[in-house]
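Listed next as structure tokens is one chain, alone, in the form predicted alone.
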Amino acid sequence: MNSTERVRNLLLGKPVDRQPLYGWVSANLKGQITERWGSVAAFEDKYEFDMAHIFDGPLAFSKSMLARIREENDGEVPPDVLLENDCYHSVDNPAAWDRMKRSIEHHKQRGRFCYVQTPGFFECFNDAFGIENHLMYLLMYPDEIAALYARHVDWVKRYAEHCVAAGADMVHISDDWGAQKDLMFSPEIWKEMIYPNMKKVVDHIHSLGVFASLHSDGCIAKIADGIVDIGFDMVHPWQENAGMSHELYLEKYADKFAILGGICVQSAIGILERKDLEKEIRRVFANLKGKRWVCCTSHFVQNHCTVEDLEFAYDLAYRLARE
């Protein structure tokens, strides 16, 4: 069973030969890892990562056009003005996908399951509005925001089509909804504004013959049933230290979708002494091993984590995944 087969089986709730392993390690530690290992790829090969998180597609909005709108509107991007302007980058520019194709080819040579980062709704429009303004606009300009989200559906669907054409096994929609203790908006706003648009995107992804996953930091327990209804196959990170307990997942959702995560960058790796880090990783494996879980970091490992601590964590996780 290679890594792609292993992760596919896990997503489908079928038996696997061992727990899959992955980690978001490169964003902040690329220099340290390269100095020690020669490259991030060498680190990934050493620990036989089963997945690859691919970025490399085009950004949604033209920064120059957003800058012009801000200049003309006292530093803000009003929803009605954004609605009047087409600020999107073309999703059909072949050059925008060349690096993604090369990345997927590299990982497929190693048998890995490849998933591609894709812009969501709330998170993506934060780039245009700023998060504080966006939260206000959801209440102040609901019609305009609804129209912008509806227009965004078509762009994301086309984006997903290119990801699949490049060889992706799963389209990963990043759309942070949670704060540390609750949603950043009411469940009612989520249900009205985000749910129907996300449902259209995920249905389209499934029609292309691949899986769909969600990244949302924070506490999203109040809309977890809606995540099931949308049809997501995997959720990252299922953030335990934000009120998303393993017990909640195992009791209500383990037969509905898989989870990716378990090694917390907020409270464990790069923070705990090694004896406590070992205890924490063993606890997570005791809770989740044998379930629909891929062992991974909860987010990018932060730069206060040393390479030695990173190696310690992955030496342990590597062994536990195979015991």
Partner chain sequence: MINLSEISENLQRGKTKVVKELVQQAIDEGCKPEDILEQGLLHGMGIIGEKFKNNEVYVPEVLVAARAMNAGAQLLKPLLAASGVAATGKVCIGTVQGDLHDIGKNLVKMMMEGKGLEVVDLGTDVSADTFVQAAIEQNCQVICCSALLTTTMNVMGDVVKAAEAAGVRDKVKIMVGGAPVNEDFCKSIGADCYTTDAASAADAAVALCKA
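All values reported here derive from a predicted model rather than from experimental measurement. Numbering follows the first chain given and starts at 1.
Keep in mind that the form predicted in complex with the partner chain is missing from the display, and what follows is about it.
For the three residues T4, L248 and A254, a heavy atom within 4.5 Å of the partner chain turns up in the predicted complex in no case.
With the partner omitted from this view, the residue of A146, L183, V164, C87 that lies near the partner chain in the predicted complex is L183 [heavy atom within 4.5 Å]. Only one of A27, V40, I271, M65 lies close to the partner chain in the predicted complex, with a heavy atom inside 4.5 Å, and it is I271. Under a 4.5 angstroms non-hydrogen atom cutoff, the partner chain in the predicted complex has I131 among its neighbouring residues. When contacts are judged by a 4.5 Å heavy atom cut-off, V81 does not count as touching the partner chain in the predicted complex.
Contact annotation for M140: at least one heavy atom lies within 4.5 Å of the partner chain in the predicted complex.
At the 4.5 Å threshold, heavy atoms of M136 reach the partner chain in the predicted complex.
Checking 200-208, 101-109, 148-156, 183-191 against the partner chain in the predicted complex, the stretch whose residues place heavy atoms within 4.5 Å of it is 183-191. Taking a 4.5 Å heavy atom cutoff to the partner chain in the predicted complex, the contacting residues in 301-323 are Q302, N303, H304.
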